[in-house]
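Below you'll find only one chain, the form predicted on its own, shown as structure tokens.
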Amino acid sequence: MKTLIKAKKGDITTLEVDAIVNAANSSLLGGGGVDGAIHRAAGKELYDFNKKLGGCPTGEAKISPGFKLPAKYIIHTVGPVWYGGNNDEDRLLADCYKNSLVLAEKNNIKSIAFPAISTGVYRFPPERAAEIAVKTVSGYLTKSDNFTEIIFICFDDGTYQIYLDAIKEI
């Protein structure tokens, strides 16, 4: 089966997919941006559940129920902070996508939505992040046909266009 990869503009907390990915901080206990929005929409149960997860290192991923979200699961991954590109940021960002997909497969997740990980307060250049995201996901799909749909969900027009352009390149 061929997996549909697409970019979409919208609010990740409203998507009806098996899992959404949270661009979390290492505590997994909420923060700003998409992380805060996901925590607010999922409810206090997410905070309580994530306290038991013991945090998450950069590039790794952990899973929780979706609680009050339409998505059944939330996969939390911690993206790298951009320090100019000489601190393994590219590999760590690719690991976020790869490890989220591995965890999704282990949990029989067929449809998943990713935000633009690390491109907000973590300052990763959006074009570079989109290229890494799309290449990592499409490369993973050469070894797996367990997904029906992978969405790059973008909060604004500029990011949406960047992901559309990156997807055209695959």
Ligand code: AR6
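For every residue, the number given is its place in the sequence shown, counted from 1. No experiment lies behind these values; they were computed from the predicted model shown.
Another form exists, predicted together with the named molecule; not displayed. Remarks below refer to it.
- For the candidate set I63, C56, I132, A37, a heavy atom within 4.5 Å of the named molecule in the model of the complex is found for exactly one residue, namely A37.
- Just one of I150, A24, I162, V17 comes within 4.5 Å of the named molecule in the model of the complex, counting any heavy atom, and that one is A24.
- In short, of 133 to 141, 100 to 108, 63 to 71, 26 to 34 it is 26 to 34 that has heavy atoms within 4.5 Å of the named molecule in the model of the complex.
- In the model of the complex, the named molecule lies within 4.5 Å of some heavy atom of T119.
- Of the heavy atoms in D156, some are within 4.5 Å of the named molecule in the model of the complex.
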